[in-house]
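One chain comes next, on its own, written out as structure tokens in the form predicted alone.
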């Protein structure tokens, strides 16, 4: 997904004089040709992520459309105050594009992990969040973000599904169960593990790559008595939106994602997924225990 982001953003810089890019050392080499061609619109501020967000706010005030990029913990966790003030309080937009996700850099350590990035942005107003499940979903999301001035977060990951899904803000049914079957909603790269975990269970599986704003109308249309949400970030991040959308419908909810307890024995990405119960075996155990 990172390579797709570099190629698409480089093309946008060539095509649209409104596009700008702000970096904080991460991926600078990959954008070297763009930096040479557009030195006035591709800026590297060094390892100063808070400044990166502030510069993006200033560029947006001049009418440019800034793309801002780094690892998720540097881009969102570290620069949260500047995102809140220099973008949100000034009511200007930018496209934040992260790599690393919750634990892609599993063996580097917790400094490079960000399970709480989407939860942090949920405290702020007006953010659209995209969590693509495949690299081929990335270009359409980035190009759509170029046509508006909103605040957009694109969360890239090395974890991806075997095949792309159509890019849409609506929930998509991937596998329909019998009438009244429990609903399992998979976000981004959690689709393949969910499909594997529920292959022989009578459940409906739905997918979204745009969890914010949550397609509440679609959720209500698919909702039954039991609903499971599987997210690649902090477990329960979507619980408030789901509960509000379904407040008048009798139902039970289970929210699965990265557990709050920190895993200090890092290992591989697969080890991290297993430790958080997000591998197919862990998901199956949680879902079957919930459904009874």
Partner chain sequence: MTVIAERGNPARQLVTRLAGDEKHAPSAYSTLEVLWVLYDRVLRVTPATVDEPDRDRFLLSKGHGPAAYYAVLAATGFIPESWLDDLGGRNSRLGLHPDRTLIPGVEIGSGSLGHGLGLAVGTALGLRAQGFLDSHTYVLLGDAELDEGANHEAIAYAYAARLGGLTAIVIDNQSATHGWPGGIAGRFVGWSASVVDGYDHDAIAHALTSHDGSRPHVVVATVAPKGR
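Not measured: the values here are computed from a predicted model. Residue numbers count along the first chain shown, from 1.
Unshown form predicted together with the partner chain; subsequent notes refer to it.
For residue 248, no non-hydrogen atom is located within 4.5 Å of the partner chain in the predicted bound form, even though that partner is not displayed. A residue is said to contact a partner when one of its heavy atoms sits within 4.5 Å of a partner heavy atom; residue 224 fails this definition for the partner chain in the predicted bound form, lying far away. By the criterion of a heavy atom within 4.5 Å, residue 48 is counted among the residues contacting the partner chain in the predicted bound form. For the chain shown alone, residue 59 is a contact residue for the partner chain in the predicted bound form, at least one non-hydrogen atom being within 4.5 angstroms. Between the partner chain and the residues 147, 170, 89, 220, the one pair within 4.5 Å by heavy atoms in the predicted bound form involves 89. The single contact residue among 234, 55, 34, 26, judged by any heavy atom lying within 4.5 Å of the partner chain in the predicted bound form, is 55. Just one listed stretch, out of 26-34, 250-258, 235-243, 61-69, contacts the partner chain in the predicted bound form at the 4.5 Å heavy atom level, and that stretch is 61-69. Applying a 4.5 Å heavy atom cutoff to the partner chain in the predicted bound form picks out 40, 41, 43 from 15-43, in order along the sequence.
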